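Shown here is one chain on its own, the form predicted on its own, set out as structure tokens.
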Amino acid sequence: MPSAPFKNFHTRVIHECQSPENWDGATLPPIYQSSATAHATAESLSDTFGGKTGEHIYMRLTNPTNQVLEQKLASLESGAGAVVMSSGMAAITNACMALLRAGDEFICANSLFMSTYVLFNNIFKKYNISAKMVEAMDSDAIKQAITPKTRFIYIETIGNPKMDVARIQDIAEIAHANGLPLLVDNTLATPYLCRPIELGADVVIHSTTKYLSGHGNATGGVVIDSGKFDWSGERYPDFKPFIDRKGALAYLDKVWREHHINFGTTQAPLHSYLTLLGLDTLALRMERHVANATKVAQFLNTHPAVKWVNYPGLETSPSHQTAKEQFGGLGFGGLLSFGLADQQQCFSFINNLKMIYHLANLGDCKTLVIHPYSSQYLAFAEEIKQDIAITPDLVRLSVGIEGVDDICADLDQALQGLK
């Protein structure tokens, strides 16, 4: 039963890439929990190693359950192909490493997820690779940062936890005018709110652990290739064998063949299965996430104990208009941050919560809270924390899909009890 050309995202997210006739009538693919696949003849295995067939060989290379998730995510993001991996950081690392060599540079937004920041500014530096950080919303700064050594531009659709929203189409035009690809981490927006490839991005990355899975029960990541970028330019002299082998999907082949399978960043089939299960309700969950987050942001914005609220859905946000246009009026995401008097009050607030979970994750169906300054960014130098807007008074809230009255009630009682 081939996928019909469904137009509504609610329908697509459920029915894209379904194949019950190949799954003994099941509406989710089997979990192929096998480290290797048997081949009937020596010739068959030889042909598969030679790329003459699409058969599976070894789980570190490909897996049938993972393959279904790859096809579905590529379709939902308007991509030409995808590779799923063991985590969001695995996806980010492989996506970037496929483009980098010693001495290269790349441009990235200065509003990055904590581990992405460490990878770009600490780990890559050991290999003589430089990340040039700029304001994501400053297109001129991005343009001025480009040099002959630049290999790509990297942004997050919604910065975490800065909550800034860059104009993807404008940045894509700058990138392409300079022969560069644009890589976008779309984790916080999901394809429900935004499909960066449709706005000109060349590569989309997700931590599938977050909203795509949505239930805090699976880790994973994905790299999705638009198949549109011309990799034959002089900035990419090492791409020729991959172009010869895979044409438009040369980049994805390089990510997979050169990095993913050799770094061993395999996605567990069970986690792919759980992510596929979660995807069935992505559109419904995102509707509730964004509706709840908007109401929570408005509630916090008028609470006397709260000093400030940072959420693109508030008209006071510098990103409000961009987010409104770029996300098609569907909402502004499920993540927000807000400020209290100081770190002591932040701790008191978190300790007072009764329903909201305190843990290092986001995008769960449950509402989650964390104090980034004293946890995720604890080891960061003070000047770096200030540069990336991680302050002692900041609380990050991932708004879940519970009844919004209950969320606000828990927030209110915790704020009322501040010391």
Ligand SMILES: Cc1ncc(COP(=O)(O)O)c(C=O)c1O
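Each residue number is its position in the shown sequence, starting from 1. Here the structure is a predicted model, which is why all the values come from computation and not from measurement.
Although it is not shown, the form predicted together with the ligand is what the next lines describe.
Shown alone, this chain has one stretch from 280-288, 82-90, 336-344, 98-106 that lies within 4.5 Å of the ligand in the predicted complex by heavy atoms: 82-90.
The shortest heavy atom separation between D185 and the ligand in the predicted complex is within 4.5 Å. By the criterion of a heavy atom within 4.5 Å, S207 is counted among the residues contacting the ligand in the predicted complex. Interface membership of D202, defined by any non-hydrogen atom within 4.5 Å of the ligand in the predicted complex, is ruled out.
Although the partner is absent here, E156 lies within 4.5 Å of the ligand in the predicted complex, judged by heavy atoms. Taken together, the three residues N160, G220 and L362 all lie with some non-hydrogen atom within 4.5 angstroms of the ligand in the predicted complex. The single contact residue among F113, W231, F327, F120, judged by any heavy atom lying within 4.5 Å of the ligand in the predicted complex, is F113.
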